[in-house]
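Presented as structure tokens, the chain that follows is alone, the form predicted alone.
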């Protein structure tokens, strides 16, 4: 009997040591290591690739002697189901904070449920979830920019271009014939950008005639294809091309390069995002202007927020709206100031 009691005491002591050891490891994992799991809607998006490159750099810059950061990035390839599976895999792999660029901004429930069950905070970025979804849990955040501002600025740039050069109205009918290349059917940012750009143009005194709206899914090749169709349909009637992002504006320019149009007969092209290739197009005067989406500012905010939600330090240094949102402002870019952004 006495031997059994001694053995039981020894086993209990060993179990206590193991539990303490495990807790110690868990404490170290949480406080000293930031494992960031990232999933984004499609790797073909130029702006997001630049943002994530900057995010890696910003996160690495936050490394300290007592803090180690790692990042794992996954491409959802336009599938919400794939993205849901990726979130589970990232959590299972030990990621203790997630950065999610939603495929479908209206369908984050499964992702949120997975994160909440495992107590892993989420930083949504670039594609803003519906407000009600962000209220489902206190550890959900968003980093991005106000889509309305980008549309207004694009409209202002277009109005300045039209009003400063009467030759923009090539047929002299007192109206600007325009087409829009929209990012995605039903996508909030695409709709808001388009509506505000057009409304701002009208409010600036520019009379418009819409020739066509085409969906090109933020993609340069798709935009080129849509623009080739429009050129075939409208010939030289198009005087202005408003694109929801730089890639689509560049796709439209590519379409014209395949034709024998002279420079004087080309429409004005305007984009949004201020990607590296977009800025180069403004510098070379192929694109009249773009609206800079502050990728570096957003990447820095994401990195600092990721560290803060795990370490518990630095939240007070971040500028929140309604305790959940961090918005970075857009900037207008023309050839006059493009070199400041290159």
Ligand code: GAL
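Quick caveat: nothing in here was measured; it's all calculated off a predicted structure. Residue numbers count along the first chain shown, from 1.
What follows is about the form predicted in complex with the ligand, which we do not show.
- The ligand is not drawn, but in the model of the complex it has no heavy atom within 4.5 Å of residue 124.
- Proximity of residue 41 to the ligand in the model of the complex: non-hydrogen atoms within 4.5 Å are present.
- The ligand in the model of the complex comes within 4.5 Å of a heavy atom belonging to residue 45.
- In the model of the complex, the ligand lies farther than 4.5 Å from every heavy atom of residue 269.
- Partner contacts here mean any heavy atom within 4.5 Å of the ligand in the model of the complex, and among 46-54, 310-318, 66-74, 282-290 they occur only in 46-54.
- Along 254-292, one residue reaches a heavy atom to within 4.5 Å of the ligand in the model of the complex: 273.
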